[in-house]
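Here's a solo chain for you in structure tokens, the form predicted on its own.
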Amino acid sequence: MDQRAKRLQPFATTIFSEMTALANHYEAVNLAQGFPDFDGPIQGKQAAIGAIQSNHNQYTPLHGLSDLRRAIANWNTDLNNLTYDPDSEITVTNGCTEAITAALLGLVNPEDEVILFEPYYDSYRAACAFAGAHTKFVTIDPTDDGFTFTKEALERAFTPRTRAIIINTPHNPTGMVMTPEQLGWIADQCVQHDVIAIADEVYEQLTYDNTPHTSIATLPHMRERTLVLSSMGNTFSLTGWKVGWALGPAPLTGALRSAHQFITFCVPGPLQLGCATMLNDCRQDVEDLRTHLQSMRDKLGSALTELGFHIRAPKGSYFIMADHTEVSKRLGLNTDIELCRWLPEHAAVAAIPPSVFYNTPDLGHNFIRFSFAKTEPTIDRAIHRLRLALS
């Protein structure tokens, strides 16, 4: 008998756990879960170790240590040319995932509507369920060379019951980077309907081909109605540290903090001090990471194309959404889930079936998602195994 609360019953064990278990069982190259197989800057790790040895091991303030909040403020000013008060407008969270949950719990009432773009990061929908919110969806559609959504679909999603919209750009899993025009469409609707924007910008630094990232908070009338969320994990290749943040005007920040204080209350102090060091002193590492990831994107994308996948080169994030239609036809398979269960056993490579990120799963059945946030030897090993299995 299922003993879970009804709000959690639609959510099984995450697809990341299932695919990682298959990868481990078959000793497969894990291109499923979006984590790098290399570590971030040594300066940050040394600063965290030094903080532990210097006895920074007790509770920290619920909104985060001053050193990190001020580093975040400077980082964001340089990135987005926006100024936030470190004391009243910045909150350190346990990764961006906790920030999303705290934002929804703090700002959304039961029966309110929250708009999501599909495919979506899986925690969004669960966090909406925690808040008792109803979800509406705007589909990001494939084009010949990328992914996009229409203004008409966006406008249809807004109703008098809409409380918030979650915006993820650069986007996981499609790699789409929203343009200022697209963000302008969202901003217009938010202003017209008095809606809060929750902007998940964890890949803000990871864009390719000189594609610019724009935060919706920089658009007219949007700073006062936007929470900007990000984290250290992706930018500095330390995903297990789970240090994130939320920036926004005091009324929105106060609502998020009211939930954050009862979810985790605070983030480990030594990791916060390590993160402050990286934000202040390790910006060249981010440039180097971006160069490396673009190279791995190109290498993996070229090999997948050679093997019969249809690739739309992502403009940002960690991931390639590969159309597997022709490959699966040769193998006698149909859906993304079938292929992603076949690959670890027969090719010793793991990927993610993105249909689980759609409200309408059929929209994602033609794609599988590969992560290219790996070292070159790892990518080379995956390519070699895929060639042996699929050529």
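Keep in mind that this is a model prediction, so the values were computed, not measured. In this text, residue numbers run from 1 along the sequence as written.
There is another form of this protein, the form predicted together with a small molecule, and it is not shown here; the text below is about that form.
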| note | Of Q272, N172, T91, S230, the only residue with a heavy atom within 4.5 Å of the small molecule in the predicted complex is N172
| request: Identify, from the list S355, S328, T60, Q33, the residue with a heavy atom within 4.5 Å of the small molecule in the predicted complex. | output: Q33
| field | Stretch from 33-41, 51-59, 331-339, 64-72 whose residues place a heavy atom within 4.5 Å of the small molecule in the predicted complex | value | 33-41
| Using 4.5 Å between non-hydrogen atoms, is F11 touching the small molecule in the predicted complex? | no
| message | K374 versus the small molecule, in the predicted complex: is there a non-hydrogen atom within 4.5 Å? | response | no
| With the cut-off set at 4.5 Å between non-hydrogen atoms, does F319 touch the small molecule in the predicted complex? | yes
| Counting only non-hydrogen atoms and a 4.5 angstroms cut-off, does F236 reach the small molecule in the predicted complex? | no
| task | Decide yes or no: are F16, Y203 and R369 jointly within 4.5 Å of the small molecule in the predicted complex, with each residue judged by its heavy atoms? | result | yes
